[in-house]
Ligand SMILES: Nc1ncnc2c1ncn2[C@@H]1O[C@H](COP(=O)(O)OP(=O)(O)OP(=O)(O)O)[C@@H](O)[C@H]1O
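As a starting point, one isolated chain is supplied in structure tokens, in the form predicted alone.
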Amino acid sequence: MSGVPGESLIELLNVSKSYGPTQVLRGITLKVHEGDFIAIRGKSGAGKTTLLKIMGLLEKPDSGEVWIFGRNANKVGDDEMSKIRVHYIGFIFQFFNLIPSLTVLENLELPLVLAGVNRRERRKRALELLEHFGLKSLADKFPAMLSGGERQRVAIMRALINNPRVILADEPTSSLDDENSELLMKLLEKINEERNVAIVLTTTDLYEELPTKRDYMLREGCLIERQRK
């Protein structure tokens, strides 16, 4: 890696957010470039999920600016925001969020349905993705038939299906054992390196070594960059 940052994809400028009397975020400034791999660490309740939601246009800050792919989010309408989320941002949730009544293949196809992709193309892209990551044997299984590690890997595939430019991962290893957590991090690292997809992940682990390029701590609503060893 050259170390030269790519295009700016998401930028937060002096973003703050409160819920009632509790201020969760205080003047957060952060820029996510193409190919970035960023960890945001913090204890439970520190505001990590709120921060990701603001970055993914799922929530609005009380003050400050959010720039998304060069556009001020305050000047983007709801329909356009939905299109940006569907086409350019992949979300990985803490508890998988797979639909239990759909097979793995159908779960993967769901974002493509929202994007208006036809059935034949949806099936083709979903199968190709499963095959690329060695998960094709799971295609016809339902989420209840999978291990926790398999469910989270499928959730990552679903986040990738629309070829997003950014993946936002909310504590993706919190429900996994150590072995599956390591596999998951290697998978995210592979996606970041092979596809140049920017990844921002949150974790409650304050000390674990991660294969990220930048490392931050969210404490008392403030984002502090940690020096890499």
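These figures come from a predicted structure and were not determined experimentally. One rule holds for the numbers: they count along the sequence shown, beginning at 1.
Although it is not shown, the form predicted together with the ligand is what the next lines describe.
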Using heavy atoms and a 4.5 Å limit, would one call G27 a contact residue for the ligand in the predicted bound form? no
Going by a heavy atom distance of 4.5 Å, is T204 a contact of the ligand in the predicted bound form? yes
With heavy atoms only and a cut-off of 4.5 Å, decide whether T50 touches the ligand in the predicted bound form. yes
Look up in the predicted bound form whether R195 has a non-hydrogen atom within 4.5 angstroms of the ligand, and give yes or no. no
Within 4.5 angstroms, counting heavy atoms, which one of the listed stretches 186 to 194, 160 to 168, 36 to 44, 61 to 69 is next to the ligand in the predicted bound form? 36 to 44
